[in-house]
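Read the single chain below, which is given as structure tokens and is the form predicted alone.
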Amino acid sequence: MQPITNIFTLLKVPKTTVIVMHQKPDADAMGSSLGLYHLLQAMDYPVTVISPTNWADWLKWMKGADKVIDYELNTARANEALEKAAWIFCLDFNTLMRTRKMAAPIASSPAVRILIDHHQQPQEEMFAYGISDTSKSSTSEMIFDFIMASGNGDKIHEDIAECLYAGVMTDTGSFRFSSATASVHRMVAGLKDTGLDHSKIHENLFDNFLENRLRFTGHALLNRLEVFYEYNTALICIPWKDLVKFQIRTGDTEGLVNFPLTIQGIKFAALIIDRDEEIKCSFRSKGGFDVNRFARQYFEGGGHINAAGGRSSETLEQTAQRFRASLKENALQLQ
């Protein structure tokens, strides 16, 4: 994989481009993708954004979200775009498997693949150019850096600013995580100069849910939370019947895994959800406990040191039992 800087001179000639994000995109995946989309549009690129799956309703306010193709709903149209592409930008994922059913058509495409991502252990051999920087707060910050370093900072307008702010703000936990470095705050100051109304974005992301989601959160914390003080750990297990009962949609469980970390002394939190087709896991930690390593070792996943995800093909109870057993094996690291 050649350095991302090697494409800066190539950017001057518009090329048919596709931007791809990971499945079930969060605000960083969608924000970075749409931020780059608006930049390339300003540079007269024919550009298409594709999500491997659907996305949460609370992301639909972003400018350009209505133009994003859902691969599972519009497979033929998405594949046609991939076949015509000269470049494919791959944002906010480290391996093609995170694009689900899109992995094969992306891999077989004759287009030049370009990676911009901040997750550990990237699949470098699949990309012609790219940058993988785990020290960065978010892929949205990396897109901002890409725009500035390539000499296109003058093209940042309010739509780009809104998308990138949403991504960096959510991935830094509203700027409370250690990844919110001085450069992140300088970036935000620059985005504010474009006329960015940051309070509106917070409302769109955090004050934009239905009543059932709040009641589901209360139910989960009251009835599905286990706390293991001897391991400074908390676990929330959500059965499929809860998702049905509260009519939970894509994105409604976002942030639930963070609640247990507000308990005094808790350093490690896990959320295990029965999604019917498979069991999905989310892991968060404070301090030095590496949930990326944990997810890779026990749950076929990965991510960052303090935020990662995984999966299981076992039942919900079997997965929960495996998680509980893993705590004993990691007791020293969790002290």
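The model shown is predicted, which means the values in this text are computed figures rather than measured ones. Numbering starts at 1 and runs along the sequence shown.
Keep in mind the form predicted in complex with a small molecule is missing from the figure; the text below concerns it.
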Do residue 232 and the small molecule come within 4.5 Å of each other in the model of the complex, heavy atoms counted?
-> no
Can residue 308 be called a contact residue for the small molecule in the model of the complex at 4.5 Å between heavy atoms?
-> yes
So in the model of the complex, does residue 267 come within 4.5 Å of the small molecule, heavy atom to heavy atom?
-> no
Is residue 304 close to the small molecule in the model of the complex, meaning a heavy atom pair under 4.5 Å apart or at it?
-> yes
The small molecule in the model of the complex has a heavy atom of only one listed residue within 4.5 Å, and of 98, 213, 136, 113 that residue is 98
Among the candidates 70, 300, 290, 57, the residue which, in the model of the complex, approaches the small molecule to within 4.5 Å (heavy atoms) | 300
In contact with the small molecule in the model of the complex (heavy atoms, 4.5 Å), from 126-134, 74-82, 90-98, 187-195, is stretch 90-98
